[in-house]
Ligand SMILES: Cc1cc2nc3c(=O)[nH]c(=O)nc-3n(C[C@H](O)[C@H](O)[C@H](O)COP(=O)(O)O)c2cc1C
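Before any questions on how it binds or moves, here is one chain, the form predicted on its own, in structure tokens.
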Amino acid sequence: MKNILFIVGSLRKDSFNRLLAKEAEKYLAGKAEITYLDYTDVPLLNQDIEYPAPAAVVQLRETVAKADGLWIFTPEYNFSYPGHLKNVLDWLSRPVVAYDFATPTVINSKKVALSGAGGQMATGKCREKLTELLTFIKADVMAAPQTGVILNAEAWTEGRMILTDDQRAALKEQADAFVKYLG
């Protein structure tokens, strides 16, 4: 059974993207083992502390290395991805051996799926820019299907995300496709 690491791009405990991840987890039951990345203690990337890597970064890299694939669920902030998510990806893009840019990084060739819940753009710009970034750092991004959810009015007014049948079907299709993508 494959191990998929979920990375939620929102730090809020009950974020809509965490709820979207929980929904996706249902469609992977019996097909993959799911874990969630806790990156709240990962420091901002700073070359002054890069080597030796801080303990939280060592743990981040070990967790990602063990995963067969990563599934990122993220909101869109100002037509892009959240800074704290970018920070995680920046750490993963750095050499594990000090300044040895010839060796693969932890994220090199790691298979990645992208989804997001947000406003009227359904996180389209965020997922587009994440695809560009992940491709640049040599991750293997599943281009399609991706799931972009336009949040319902109740999400914004009452904090309740209500998925439509079509949104659930799209997420299930993506879950099935990602399992196949992982091989």
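None of these values were measured; they are calculated from a predicted model. The first residue of the shown sequence is 1; numbering continues from there.
If you look for the form predicted together with the ligand, you will not find it shown, but the lines that follow are about it.
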item: Heavy atom contact within 4.5 Å of the ligand in the predicted complex, the stretch among 150-158, 55-63, 136-144, 37-45; value: 150-158
item: N78 within 4.5 Å of the ligand in the predicted complex, heavy atoms; value: yes
item: Proximity of S10 to the ligand in the predicted complex, heavy atoms at 4.5 Å; value: yes
item: is_contact(G118, the ligand) in the predicted complex, heavy atom dist at most 4.5 Å; value: yes
item: 4.5 Å heavy atom contact, S15 and the ligand in the predicted complex; value: yes
